[in-house]
Structure formats: structure tokens, C-alpha cells
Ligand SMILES: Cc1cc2nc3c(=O)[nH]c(=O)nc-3n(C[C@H](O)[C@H](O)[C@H](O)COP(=O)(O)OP(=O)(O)OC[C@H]3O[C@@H](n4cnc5c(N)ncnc54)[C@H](O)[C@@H]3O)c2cc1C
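Let's start with one chain on its own, the form predicted alone, as C-alpha cells.
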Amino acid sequence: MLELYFAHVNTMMNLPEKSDVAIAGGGLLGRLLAWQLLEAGHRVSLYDAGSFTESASAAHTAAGMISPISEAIDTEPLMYDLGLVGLEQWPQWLAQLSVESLPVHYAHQGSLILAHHRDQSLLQQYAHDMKRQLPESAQGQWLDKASINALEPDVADHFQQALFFSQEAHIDNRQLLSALLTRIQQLGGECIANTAVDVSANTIQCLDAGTVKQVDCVLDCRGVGAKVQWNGVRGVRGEIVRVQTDEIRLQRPVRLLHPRYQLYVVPKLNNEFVIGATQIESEDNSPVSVQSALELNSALYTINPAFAEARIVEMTSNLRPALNDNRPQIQYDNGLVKVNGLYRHGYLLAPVVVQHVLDLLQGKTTNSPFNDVLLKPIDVSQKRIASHA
């Protein structure tokens, strides 16, 4: 477990009231920070290299799971500690957001971990790893066939045993991104689409137009797009299939353990489901491969053969932004904050990262146990604006 300690943060920052802030990147972090800063009375310009309504961000492709236990098993216990903040913060944010015309579906109904009979050893190993890495409060509950049926009758016929994590949640990510955009615009935020930028302290440069804007602070939330100015940022390929069927109902995310991958199925509105499993160390953002499509759909079929009649409404790939240690990081200096590395934990980790950025901008010396994990001064070698051919 992460050793909790308190750290003094010399931020060299204290954003004045009604400051001008420019944010590069209109994905999850960019929109959350724009919204919070506008609510606090600042003036915000939000830039994105693509469209805001048809976002190309990893946040738009994601499944929207808020699963600190499930994620920690495959990474490190730190993700559990950071993720607990998300479980607490999301309901508060959604109550604050409350865009009447664009409600955001959020379900705190846990998640289910399954394995077929031939793979029961994987489920036992999963439980063993969980017991070794996480506190007793996160151990989950063993379910037999009858208990599975009580929670998810549409998968019970095919599984004898499961693990249930009641603490976990999921959110409709695309509803959230739309609601945030609407609220940003309602609050007077300036949204500049289809505009690639470079960033430096107090300066944002629009590359195509060649214009330069001076502001009180620049926030770089470009994800993989920040590679040109942040050494160590890389993209990790992920692929998803989105299907629609009236034959099956799920109330919560379901994960299927398999020797080669962990398939997840996340229910969405209108009887749609997001299915994913792949995590490929590649920055190839071409369409989904035939092999991945076969594996995803075949594994989905084994959860319930009724999925065979589901209609594929989307099949896409995207790049998750990651750093060398697969941890998020906030780099800071006067007039510039760079945020990156959410990896495949975007909706899980966004709340703790956003709160640390907001505290940093306010010049707070916080008592967060995560300061030394998240906050780093900007590397001098990366301060300059990158040159583009």
C-alpha cells in the first residue's frame, strides 16, 4: 500500500481572481478544469485540435468505469488510493453540474468479475492478488450461481461463481462530455475547435494561424497530443466494440477473466454495451484489427449467446495517454501547468488530478498524501515551445 505522508508543495503560483486561463485539450481533464475554473469566476479559453462535439479524445472512446479495486489488481495499490477520491467526488460533481437538458447517467451498483469453469483458477488467483494488495474493506464478495442470478440474471446461466465489488461505479462518459461542454458554454467559456497549439508559460500559440495569446496561466491537457512538448508521453492502443441489443440487460460492468485478456462489458443507455479488452503497446491508431474484433465478439458471445444477435453500432480504436511509470503527473511552473498520464484510468483518476491542479493554481500548501506522487516541477529542457516542421 502507498505510505501516506504529507508534503509541502512550493507551487510558486497563486492565480488572481478573474484570471485569463487558456487550456489546451478538450478531453476529460480539459473540460473538467475549464468548468471548475469558470464556476470559480475565471475567464477560460478551451482549445482542441479536433471537434468538441465529435471528440477524438480517449475520454470519448472510454467505457467510463470508476473501479478502483478492479484497476488496482492489474496495476498497483496506488490506483486504489487515488481512485477512492473519484468514488467520492463524482456524485458531488454531477450534482453541481446538473445540466437539466443533458442529464448524466451515473450508477453506483458495483461490478462483477466472472470466469468460465475452465478458467476458475484465474478467478482464484484474482482473489488472492486482491487479498495481498488491498485492504480488507476492498476484498469483495464471493457469489454462487443463485447470487449471480439475483444481480445479473442474463449472465447467471453460464457461470457458477463470481466476485462482486459493491463499491465500484460507472458513468456515461459521452453524456458527461456533452454536459460539460454545454455548461462551459453557458458560463461564457470560449471553445476553439480544430486548432492545434503549442504551449509555454503564459503563452498559447495557434499553429495554423500563427497567432499568439498571452494569458495568466496555460494548462496543457492534450494527452497524446502533448508528446511534442513532453518527453515520456506515449500512446497505448486500445480497441472497443459498441453493440446494441434488446435481448440482454446488465445493471453493472462485467469483467470476464481469460488467459490472454480481461474482457469488460459496460452497459450504456438505449440497451447499448461497450466491450473492450485490448491494451497494446503501440501508437498505431488505425482501425480495429480482425483478430481483436474476433476475440472481443467471441468472448462476448460466451458471456451470453444472445449477444450473437446484437448489432454492432461502433468499432473503434484510440490511444490512451501514458507516462513511463503509468502514473498521472502534474508538472508546474509560473504560468504553465502540464497534466498527463491518466493511461487507462481516466474516469477513475480525473477527480484527484483535477483537484490537485485547482489547489496548485490557488497556491495552496495542501496536506494531500499524493503530492509527491502527482506534482513535479517542469523539466527545464521542456519549457520551450516545440518547433514544428
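Predicted model only: the values in this text are computed from it and were never measured. The numbering used is simple: start at 1 and walk along the sequence shown.
Not pictured, yet referred to below: the form predicted together with the ligand.
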According to a 4.5 angstroms non-hydrogen atom cut-off, is Arg320 in contact with the ligand in the predicted complex? yes
Although the ligand is absent from this view, report whether Leu87 comes within 4.5 Å of it in the predicted complex, heavy atoms only. no
Is there any non-hydrogen atom of Tyr126 lying within 4.5 Å of the ligand in the predicted complex? no
Mark Thr195 yes when one of its heavy atoms lies within 4.5 Å of a heavy atom of the ligand in the predicted complex, and no otherwise. yes
Which single stretch, out of 233 to 241, 114 to 122, 76 to 84, 130 to 138, brings residue heavy atoms within 4.5 Å of the ligand in the predicted complex? 233 to 241
Quick one: Ala22, Trp35 and Gly189 and the ligand in the predicted complex, is every residue within 4.5 Å by at least one heavy atom? no
Picking from Leu29, Val44, Val337, Ile69, the single residue whose non-hydrogen atoms come within 4.5 angstroms of the ligand in the predicted complex is Leu29
For the stretch 211 to 238, return the residues whose heavy atoms include at least one within 4.5 Å of the ligand in the predicted complex, in the order they occur. Cys221, Arg222, Gly223, Gly225, Gly238
